[in-house]
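For reference, the chain that follows is the form predicted alone, supplied as structure tokens.
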């Protein structure tokens, strides 16, 4: 065969191969519904008791159709903490378009931002978000990350550029993957729900309500140093605030999107009817281990680090190290009129505290009274709460 004919044949074969892959990809795309999410990285301020506004870096949800210029004009300086909680389905195609808006408080910094899906089994380093081997998004630029999650469970995501700083500054949140059996038939004859933590095959991880809660700490001196263009030595790390979804108690029990916390929109309040099976999706993106307790209600650990537990166990103290996640089920007990009763617009309820075991992490900057890493589980009389329509839904 002449060299020219060989090249023609090679080109034809290559075209067939590429075309075949393109057709295969189209068939896969048709079988995998898409989730398209717009996030923007920028800075801002949040509110914590006992001090002035705290400077943060963070993410915010933004419209995909908007231009970079419009996003800069409307969202720069409006970061939220925690970042938006992401809810996706197993085997669906997930596209996250990240726009770097730059920093209002530190215009001298030209930091890139990334999306790193912590613990995710990715086949390509390109979308892993580690800037040395992946893509870092420069200021006023965009990049779309692609994921196809095959393993259900609870994960975290965060910026991996200058990650010790950017994670502490607030560029963190939870992303969870619903299992393929979610939304199918009821597998447990005694429990008719069709939502599950994992592909258990028998309904053992079925739940009625679920709440995603990110544990973290805030070292205010690091945040202040960033805003004041000063250096912070991380060996001096000694946090003053301990947060659930970017809030401290009593902020944690305010509803979602409370107007007093415009950049801390995610509540940690847990509301349930008696007998509800409640799934807690817990993750720790701080730098300390935490021991969480729910006195009066046993907790069953069914998953760890986005992996179903081979031997689920019941505990009253849950240990979560840095970078770890847990999936925990509990059943809301019957309403007890003889126990302390409180009333809100939904009716009367008993209160249980979900809290850190360490009393030093239950205050705000050392001030008296309950604070820090604590929230309430409210179990109502009767069944006044409607079915959840989204993770962590709160009811006024």
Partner chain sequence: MRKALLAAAALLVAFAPSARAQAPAVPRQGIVCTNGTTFDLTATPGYIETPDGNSVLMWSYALAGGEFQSPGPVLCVNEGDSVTVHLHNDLTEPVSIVFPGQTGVGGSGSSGLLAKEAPAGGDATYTFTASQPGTYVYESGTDPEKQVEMGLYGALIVRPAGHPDYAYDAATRFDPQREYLVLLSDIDPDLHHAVETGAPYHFDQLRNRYFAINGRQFPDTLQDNGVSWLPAQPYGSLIRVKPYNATGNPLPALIRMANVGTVNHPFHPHGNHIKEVAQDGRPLRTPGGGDASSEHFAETIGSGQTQDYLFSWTDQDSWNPGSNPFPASVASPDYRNLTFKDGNTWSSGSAYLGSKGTLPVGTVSQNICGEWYFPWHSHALNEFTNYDAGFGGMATLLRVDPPGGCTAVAGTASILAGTLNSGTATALAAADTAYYKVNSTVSGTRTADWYGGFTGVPRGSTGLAVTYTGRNSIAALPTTLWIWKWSTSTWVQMGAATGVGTSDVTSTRTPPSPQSDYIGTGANAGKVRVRVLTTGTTTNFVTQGNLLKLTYDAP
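Numbering follows the first chain given and starts at 1. The structure presented is a predicted model; accordingly, all values stated were derived computationally and were not measured.
Keep in mind that the form predicted in complex with the partner chain is missing from the display, and what follows is about it.
Novice: Residues 128, 141 and 325 are flagged as a possible site; in the predicted complex, is every one of them within 4.5 Å of the partner chain by some non-hydrogen atom?
Specialist: Yes, all three are in contact.
Novice: Applying a 4.5 Å heavy atom distance criterion, does residue 135 contact the partner chain in the predicted complex?
Specialist: Within the cut-off, so yes.
Novice: Can any non-hydrogen atom of residue 242 be found within 4.5 angstroms of the partner chain in the predicted complex?
Specialist: Outside the cut-off, so no.
Novice: Given that the partner chain is not shown alongside this chain, does residue 263 nevertheless sit within 4.5 Å of it in the predicted complex, heavy atom to heavy atom?
Specialist: Residue 263: no contact with the partner chain in the predicted complex.
Novice: I'd like to know if residue 108 sits close to the partner chain in the predicted complex, meaning any non-hydrogen atom pair within 4.5 angstroms.
Specialist: Outside the cut-off, so no.
Novice: Scan 315, 257, 289, 199 and let me know which has any heavy atom within 4.5 Å of the partner chain in the predicted complex.
Specialist: It is 289.
Novice: So the partner chain isn't shown here. In the predicted complex, which residue out of 204, 195, 90, 122 has a non-hydrogen atom within 4.5 Å of it?
Specialist: So the residue touching the partner chain in the predicted complex, by this definition, is 122.
Novice: If contact means any heavy atom within 4.5 Å, which of 271 to 279, 246 to 254, 227 to 235, 179 to 187 contacts the partner chain in the predicted complex?
Specialist: Selected stretch: 227 to 235.
Novice: Residue by residue through 141 to 168, which ones have a non-hydrogen atom no more than 4.5 angstroms from the partner chain in the predicted complex?
Specialist: Going through 141 to 168 in order - heavy atoms within 4.5 Å of the partner chain in the predicted complex - the hits are 141, 142, 143, 144, 146, 148, 150, 151, 154, 155, 156, 158, 160, 161, 162, 163, 164, 167.
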